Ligand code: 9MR
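We begin with a single chain expressed as structure tokens, specifically the form predicted on its own.
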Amino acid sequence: MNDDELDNPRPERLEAANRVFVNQAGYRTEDEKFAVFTFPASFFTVVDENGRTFFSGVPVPTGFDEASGEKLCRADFTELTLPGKYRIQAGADCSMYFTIGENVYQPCFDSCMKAFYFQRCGCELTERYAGMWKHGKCHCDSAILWENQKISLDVSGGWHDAGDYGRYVTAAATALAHLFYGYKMFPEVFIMQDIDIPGKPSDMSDVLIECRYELEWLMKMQRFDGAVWHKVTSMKHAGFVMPEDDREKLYVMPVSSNATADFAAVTALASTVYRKFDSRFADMLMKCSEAAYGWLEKYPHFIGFKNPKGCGTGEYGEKDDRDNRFWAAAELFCATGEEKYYSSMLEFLNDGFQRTALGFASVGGFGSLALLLNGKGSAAILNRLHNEFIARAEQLKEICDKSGWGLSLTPDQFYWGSNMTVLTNGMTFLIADHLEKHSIDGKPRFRKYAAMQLNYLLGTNVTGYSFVTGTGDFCVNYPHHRPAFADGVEECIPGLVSGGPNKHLEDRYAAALFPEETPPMKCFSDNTECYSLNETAIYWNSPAVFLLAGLMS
């Protein structure tokens, strides 16, 4: 993520004029369906494109919502299950069009997954696969090792991290973990997916073809002694140019224990995923993972990362590495069954970090998920981690129940990348249901709350925006994303997830747009300049892919 400015920004599109908010992708036939109004209404109808009424009802007031600063009403039309294209009408107001049907999420799921292909670095994106968003080969020159600038390294490949051209190990590991766990938990959805990327025909699902591209870069970031360099970037972010036109020198920045631990974790996880398809590649991943963990054992104290003087690219710094080491030990134990990893995992288990967290700066939940899905560890530990996920889902459910939007954020949680929190909360709901699948009645308790988080992302929010480019009639189109700005194509690359509303307004453009008293959910602009609101990132796309897969499963 970055803070560069534009010389010639594109104009922002007009804000949504309607006051009736829906999931613009649509609703599955049997799912709960509701629209949110920001005005009092005594009656609403659901009509098709020809104006024919298919459902009518009375909206229910839900009270004042602090996050949006509005008094809300909710219009429930769950009983309408007939497939078709509709919109909600209430007096002179109407919603955007949406679809009811079984496969309404598929286009968004596919575009969010293919967005990783559009983030590829070190290769040409040809018209055959990229269409009008094609571009040339980029960032293939050797990078300079920061500590010894006489040494040059080949670290080409991987995914551009965000709206910039940097590549960061901890961010990469987090995105890969979201995708791999989505694949492990909902394989049937990924097996059927076709996003038209290079590398086929293949026995592997498209998600695994794409993730392998990132893994092959990730392994280049490992030093001879097992340690892992934190990132490869230029000293400052490139201007708003196409990737092949970015000629700034690249530097491989110093190792960190966070990057090394996350690398050890995700390569161990990946080895279990690829084993059935390519045992040689799986062996290579495991060898890299064990070497990284060996370095962590040799250096048991936290070795953080700070940008060297003169470097202004994303830092991705953390305050400690306990959760990272826990995740690494848990994944290696699950992959190998070796007692030493179990013992190490136990040492970190009670260190006080969040054991259900699934974000890039807090990864303890991945370690817990590894143990739970593999049934590894003592019954007491598994029961404890199981209960912690369920308790977290219950906490989030209570927040949703108090929100007229069904949103899992409290008003103070609208910070940079707030949509990632919305999406990882959605993941938590689905994980909790997965863990409870052997309950007495077998019915999912939390799925509808996961769907509410997707509703928010795709238009059921006070801005009216679908925060995914290309999804919905009123979606973000001008993210803080260099290729999307520089390609000269008005229609944005599809499938990019915007960071979303941010009360803290950490760039001067955003700060100039909103008075201090603006409600947090309204602190958003579809504006390329507003990087603290409208940047994209691979680890914001990845939980969206997980959430969509889970809701389609």
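Residue numbers run from 1 along the displayed sequence. Everything numeric here is computed off the predicted structure, so don't read it as measured data.
What comes next is about the form predicted in complex with the ligand, which is not displayed.
With the partner removed from view, which of 310-318, 107-115, 323-331, 131-139 is the stretch that lies within 4.5 Å of the ligand in the predicted bound form, judged by heavy atom distances? One stretch meets the cut-off, namely 310-318.
State yes or no: in the predicted bound form, is some non-hydrogen atom of Trp295 no more than 4.5 angstroms from a non-hydrogen atom of the ligand? Output for Trp295 is no: heavy atoms all beyond 4.5 Å of the ligand.
Asp164 versus the ligand, in the predicted bound form: is there a non-hydrogen atom within 4.5 Å? Although the ligand is absent here, Asp164 would touch it in the predicted bound form, with heavy atoms inside 4.5 Å.
Does at least one non-hydrogen atom of Tyr539 fall within 4.5 angstroms of the ligand in the predicted bound form? Answer yes; at least one heavy atom of Tyr539 falls within 4.5 Å of the ligand in the predicted bound form.
At the 4.5 Å heavy atom threshold, is Phe360 in contact with the ligand in the predicted bound form? Residue-level check for Phe360: yes, a contact with the ligand.
Contact assignment for the ligand in the predicted bound form, among Phe305, Tyr342, Trp416, Phe77, heavy atom within 4.5 Å: Exactly one listed residue reaches within 4.5 Å, namely Trp416.
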